[in-house]
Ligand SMILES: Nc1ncnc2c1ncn2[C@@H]1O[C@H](COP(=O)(O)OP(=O)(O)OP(=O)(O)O)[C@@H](O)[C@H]1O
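Just one chain follows, in the form predicted alone, and it is written as structure tokens.
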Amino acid sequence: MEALIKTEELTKAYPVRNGFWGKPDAVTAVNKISLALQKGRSLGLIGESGCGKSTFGRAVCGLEKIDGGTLWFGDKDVTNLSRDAFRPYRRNIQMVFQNSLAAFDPKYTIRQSIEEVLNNFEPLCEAERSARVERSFEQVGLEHRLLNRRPNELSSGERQRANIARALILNPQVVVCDEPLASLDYSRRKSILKLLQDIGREHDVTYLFITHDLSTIRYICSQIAVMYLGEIVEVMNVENVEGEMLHPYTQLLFQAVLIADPEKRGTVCREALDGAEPLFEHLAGCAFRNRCRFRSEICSACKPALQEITPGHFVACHRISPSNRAAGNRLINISGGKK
């Protein structure tokens, strides 16, 4: 199966300063992630807020400069290409941003914002450009009259649909959806999910769907990758999620969602973690060890590698794979095989 996007030990860090006179330091947001997104096999990237999901998404879109590793688009190495050199690939990988209001220039009408994308990639006459924009609006279920409004004049649901229309105007192969439902109420979330489903089927779009809302994953994705502090700890098929979660962190994530009493949702993780703070320094050992109830001596001494437990199911945990002593991640092929 064709790999549309592939990363090999992709790393991204941000500089930080401890106080005014403090020595400059760095926080690693994405730590040596190796994944391959296969054509027609949408991937859900899940984890707590701040774990590096959005940074990874922006990096594969070329919106963040990569500090280490390799990014491939098809069989082409596109790691840290210049803006002009990356342009041929940009049209085939678009992004739906989390904040739909901030995603649009407030001075532009929605029509102008979407036409700008076409102007950057396709030299069309005014009539052709207008027809394409209107067709994209029809595709996401919006009326043409909304095109002449500014972003603040649309509802959150309308704005997010316009956000999706702009991402799809160039007919990309891959769309990275960064928390696309975060600012929507339940009814609007449901309609946006249905829209993404339909577009994926009808236009052969493959999604990298970034979210911390685990209840939405099964509607869009074929597989999920679980991220903790910049590292992938588990990859599995969506249909096996509830029955085959093996990593302790994955279990806690889903435990917090599946509780019947809404007042207790979100508290299970905190109680199980005993208030332990995350280990933001990527030192030797498992990044989750200080919050894991199953930790042992080896968890502090050696970083577990992602290894295949069953076909298509990869886990990075010494408890699941006690014989595994190798450090670092392996390349995970989202179609189920290893490279």
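Since we're looking at a predicted model, the values are computed, not measured. Note that residue numbering follows the sequence shown and begins at 1.
In what follows, reference is made to the form predicted in complex with this ligand, a form of this protein that is not presented.
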If we define contact as a non-hydrogen atom of the residue within 4.5 angstroms of the partner, is Val27 a contact of this ligand in the predicted complex?
yes
Contact flag, Gln98 vs this ligand in the predicted complex, heavy atom cut 4.5 Å:
yes
Taking the shortest heavy atom distance, is Gly62 within 4.5 Å of this ligand in the predicted complex?
no
Does this ligand come within 4.5 Å of any heavy atom of Asn290 in the predicted complex?
no
With this ligand left out here, work out from 31-39, 299-307, 66-74, 51-59 which stretch has heavy atoms within 4.5 Å of it in the predicted complex.
51-59
Quick one: from Glu179, Glu158, Glu134, Glu244, grab the residue that has a heavy atom within 4.5 Å of this ligand in the predicted complex.
Glu179
Checked Arg129, His212, Arg90, Arg111 for heavy atoms within 4.5 Å of this ligand in the predicted complex; positive is His212
Residues from 70-95 in contact with this ligand (non-hydrogen atom within 4.5 Å) in the predicted complex:
none
